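Below you will find one chain, with nothing else, as structure tokens; this is the form predicted on its own, and questions on how it binds or moves follow later.
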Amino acid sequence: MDLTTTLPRRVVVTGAMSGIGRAVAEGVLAAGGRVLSLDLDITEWSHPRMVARRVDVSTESDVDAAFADAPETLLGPPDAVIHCAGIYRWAPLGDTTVAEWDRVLRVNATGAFIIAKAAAAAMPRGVIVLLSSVAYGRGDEGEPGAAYSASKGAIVSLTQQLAVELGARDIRVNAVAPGMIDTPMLTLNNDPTAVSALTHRLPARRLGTAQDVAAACLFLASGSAGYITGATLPVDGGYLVA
């Protein structure tokens, strides 16, 4: 089956100005769909079928205002919402302040809740895809991040709960858990030796790309995944099993 024939046509993508979010948006646009981009930065790139709005996903009023305008922007209610926006912070437990904990949880976990709540209110039916991380399922001694791991674990639990709550409305909810992805967020990019050591341990023997993760997001948003809901799909080159 050609995936592009079953992709949603009207898609809200958060974090669409760079990295994984941009790859997702580009995939939707390449298939002929329309994108409403919600991002703090709206200056990176543009497309005739994409409208960018400056939105802080951790601020409910920002998100609600954007979704209120979504039917006009997308020429109809969203078919799918793919939430890629988030922040990455790491520090040992003793160096993690309560303020930093609150900030990471606010953007990553509460932001996912706010986006999902607005999406569910805006869609008569459709798909929500949230971005978790392999950090939900495995600790990291080299880059310890209690707040980040907890925030991504919350997204897995949120995904499962919302799949149950929204299933009767024909809204599927799934998550994607990226591993080591070659984007600006990956701090290992500054250390070729560390990258080599890591990839040698991965069954896939390479870092992932934004396009690898986007492909999983678009699959879960497509009709090809019509019987999948409540799942968290690792896109990690085997990191969780290595």
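What you see is a predicted model, and the numbers here were worked out from it, not measured in a lab. When you see a residue number, it is the position in the sequence shown, counting from 1.
Missing here is the form predicted together with a small molecule; even so, the following discussion is about that form.
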Looking at 146, 105, 120, 87, which is the one with a non-hydrogen atom within 4.5 Å of the small molecule in the predicted bound form? 87
In the predicted bound form, the residue from 70, 216, 180, 51 that sits within 4.5 Å of the small molecule by heavy atoms: 180
Stretch from 91 to 99, 166 to 174, 124 to 132, 72 to 80 whose residues place a heavy atom within 4.5 Å of the small molecule in the predicted bound form: 124 to 132
For residue 55, is any heavy atom within 4.5 Å of the small molecule in the predicted bound form, or not? yes
In the predicted bound form, does residue 15 have a heavy atom within 4.5 Å of the small molecule? yes
Test of understanding: in the predicted bound form, would residue 40 fall inside 4.5 Å of the small molecule by heavy atoms? yes
Does the small molecule come within 4.5 Å of any heavy atom of residue 234 in the predicted bound form? no
